[in-house]
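Only one chain comes next, encoded as structure tokens, the form predicted alone.
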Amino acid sequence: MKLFSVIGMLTVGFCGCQARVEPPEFTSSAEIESLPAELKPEARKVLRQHAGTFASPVLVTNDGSTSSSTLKLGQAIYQERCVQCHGVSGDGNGPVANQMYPRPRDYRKGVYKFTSTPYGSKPVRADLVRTVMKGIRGTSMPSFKLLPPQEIEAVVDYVLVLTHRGELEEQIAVLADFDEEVDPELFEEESLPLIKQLWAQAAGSQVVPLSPQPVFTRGHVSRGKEAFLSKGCSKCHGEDGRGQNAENLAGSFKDRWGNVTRAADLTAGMLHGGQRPIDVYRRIYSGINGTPMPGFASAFQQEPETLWDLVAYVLHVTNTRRMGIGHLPGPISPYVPETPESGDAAE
């Protein structure tokens, strides 16, 4: 009996002495951290007022249609499936982020690469839903198409919480640095409406093709190749589309987030922005936000059919390796250049 009593006491003791797990908290951005010490408390107060906290997240652009329960559902899904890569604050610095190329997205900049809107514009909601559902081919971002639609919508809402919070941080820091004070009234009159306006404008700015999509023929592919070589595409992607030219291989390109990036190997069969003709059209027309890939909308205003020729050629090149023709892939290094600090890879 004494033995059983001791075991029982030990069991209760061990159960009662388990370490308490503290709930996660959002971390401040570099912009907020760089403010003078006397301005930081007020800056964080304004941020909490409009963007909430981890325990009580707030969607800045909420028009009243998104409930707090939806945001908590989205947060739970994010913490289970997304935080490992994108981090608690959405800064792209999750526990496994350093092992990935391309790096997980830092939502706080408010910049999304693969959108249906013009270069520099915010995405529409459907763009974010599509990314969650389909993933991004050729990256570590998987498809979550098996999630119920309600959960997909909820996690998109929560991603927007993190995005708007980051945008607010930047605006607060800019105003505080300029005025040498945190003025909540000025922030509410200027910065907050600007953020809401930019996201609202995106809803009516989706790229519509300059001409109808044709049924692609060998003629479209042939003309597309001529345009590819003459309009500047080959400067980054190489004449054969593999991106094996010297500047690209040198790892000299950087993206909006300060990470090494590289023009795509189009022959890899993995177009990050989507495989549909309209996806490729929009990448050429608008470019890719946050990257050195420019838009060619103005270059083809007088010859809109050439845009579709380029789409036909890119899709043809993308499928060559599957069909067993064309060049083999080039060496992946230095997609992520080695550094003394890392020993292996920087990103």
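A quick note: this is a predicted structure, and the numbers were derived from the prediction, not measured. Numbers follow the displayed sequence, beginning with 1.
There is also a form predicted in complex with heme C (HEC); it is not shown, and the following applies to it.
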Item to complete: Please check if residue 142 has a heavy atom lying within 4.5 Å of any heavy atom of heme C (HEC) in the predicted complex.
Response: yes
Worksheet entry | Partner contact for residue 84 in the predicted complex: heme C (HEC), 4.5 angstroms, heavy atom | yes
Practice prompt. Could you confirm whether residue 272 comes within 4.5 Å of heme C (HEC) in the predicted complex, counting heavy atoms only?
Written response: yes
Fill in: Non-hydrogen atom contact residue 291 with heme C (HEC) in the predicted complex at 4.5 angstroms
yes
Worksheet entry | Heavy atom within 4.5 Å of heme C (HEC) in the predicted complex - the one residue of 210, 186, 100, 249 that qualifies | 100
Practice prompt. Just give me the single entry in 262, 122, 165, 220 that has a non-hydrogen atom within 4.5 angstroms of heme C (HEC) in the predicted complex.
Written response: 262
Worksheet item: Quick one: which of 177 to 185, 191 to 199, 101 to 109, 211 to 219 gets within 4.5 Å of heme C (HEC) in the predicted complex, going by heavy atoms?
Response: 101 to 109
Fill in: Candidate spot 114, 136 and 159, all three touching heme C (HEC) in the predicted complex (heavy atom, 4.5 Å)
yes
Response to the item:
Checked 233 to 266 against heme C (HEC) in the predicted complex; residues with a heavy atom within 4.5 Å, sequence order, are 233, 236, 237, 253, 261, 262, 263, 264, 266
